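What follows is one chain in structure tokens, specifically the form predicted alone.
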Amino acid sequence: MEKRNQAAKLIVGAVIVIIAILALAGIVSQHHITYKSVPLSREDISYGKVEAPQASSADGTITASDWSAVYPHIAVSMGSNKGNDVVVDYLELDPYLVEIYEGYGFAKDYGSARGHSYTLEDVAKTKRPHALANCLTCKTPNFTKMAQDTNEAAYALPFDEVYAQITQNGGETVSCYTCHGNNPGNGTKPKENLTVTHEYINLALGENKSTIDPGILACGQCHIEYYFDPATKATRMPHSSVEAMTPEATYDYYTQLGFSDWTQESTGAKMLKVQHPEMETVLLGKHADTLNCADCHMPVVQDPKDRTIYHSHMLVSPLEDETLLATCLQCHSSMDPDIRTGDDMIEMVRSIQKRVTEKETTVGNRLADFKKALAEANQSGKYTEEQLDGVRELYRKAQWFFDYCYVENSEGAHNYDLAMRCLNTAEDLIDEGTALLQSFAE
């Protein structure tokens, strides 16, 4: 946890430096100056009639550069995401991951995500193999458009071919089209200006999409658990409703489908790799009824010069932003007796994250030991496949529940109860599997 906090401080420090430089240059205003006694909210934003600019890209997506004359404040705030450029090597931080992910790409290269400005660069640099273009699913709106235009055939195209085509034609990283399409933003409410551009969301949720806040769906298009269809190679969601988004239900979905991400040679287990289920974790928690992703990560700010009120598109942690902390305090200062100030709020969240990451370390090391014991049993030639399959299933399931917590990027802040439930379930399964292995030797 201490190392993660140090890494987080480096990231925050880099962001602050960038903001300071821009502020001194007169490019952006001093951070988060407001003109109201209570935090600004999305209801304070005024929406005027604007015309969508002409798309400069060959595929018809209107780029951030195209929009900059229409929404200059937002364009500048989007550019500030370049400040998040520090990568933490998780394999160095938590060496047990190399054991758990043995035989899969994440055992070779697993670093923390940088800002959205680096998605194309990072997917090209990763040591994890990516033969097909489906690895570009959430890296660039230009691939999103390509998937739309080709009726999903683009997913199965060679990665190198599609990556070259997109980058040579000036393709963008995550940008305006990702969450808004070419919508000019003339809705009277922010949610009306959001668009689900990833068709696998529409395909999976159908009418149930209307039960989810558009502000959660916009980010959840990418911040979800997903898999690639074995036949078509297209990106797919493994659930069709919020009720089906639990880790238990998702695990059952994959089991019934007969799906696995890879077969681990040393153990013979057919393994699953969780992606980053932030949307599921939020929707299964306490905040989804009153807040969406933008409320917690995109502060509503006011330019001190022209008084324009807008959603900052610099994506930040609420722990590092006084405007977002003030929003948290509107509820927490009345609900939690120990929460009165922003410092109290930060202390509470850091305490949650510390408990979760300490539990992750304990369970992760135990899971790695369980994996080694299973590998030894598998290679010993002493046991039947039926015996080993029972242990393999417990190992596969334990790894799933551990991974569901580990790869969710909030370290328990989005949904502490779910994080601990996953880790406790993983530990129970490790106990059961270890006991079963020991019974074979008796």
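Quick caveat, the model's predicted, so the values are computed rather than measured. Residue numbers run from 1 along the displayed sequence.
Although it is not shown, the form predicted together with ligand HEC is what the next lines describe.
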ask   = Looking at ligand HEC in the predicted complex, do all three of Asn142, Ala164 and Met271 come within 4.5 Å of it through at least one heavy atom?
value = no
note = Checking Ile201, Leu97, Ile74, Ala133 against ligand HEC in the predicted complex, the residue with a non-hydrogen atom inside 4.5 angstroms turns out to be Ile74
inquiry  = To verify the annotation, which of these, Leu91, Ala124, Ile352, Ala153, has a non-hydrogen atom within 4.5 Å of ligand HEC in the predicted complex?
reply    = Ile352
inquiry  = Test of understanding: in the predicted complex, would His414 fall inside 4.5 Å of ligand HEC by heavy atoms?
reply    = yes
ask   = Tyr118: heavy atom within 4.5 Å of ligand HEC in the predicted complex?
value = yes
ask   = With the partner left out of view, is Cys219 within 4.5 angstroms of ligand HEC in the predicted complex by any non-hydrogen atom?
value = yes
ask   = Even though ligand HEC is not shown here, does Ala52 get within 4.5 Å of it in the predicted complex, heavy atoms only?
value = no
inquiry  = Can you tell me which of 192-200, 256-264, 366-374, 100-108 lies within 4.5 Å of ligand HEC in the predicted complex, counting heavy atoms only?
reply    = 192-200
request  = Within 4.5 Å of ligand HEC in the predicted complex, which residues of 306-324 have a heavy atom? Give them in sequence order, or say none.
outcome  = Tyr310, His311, His313, Leu315, Ser317, Pro318, Leu319, Leu324
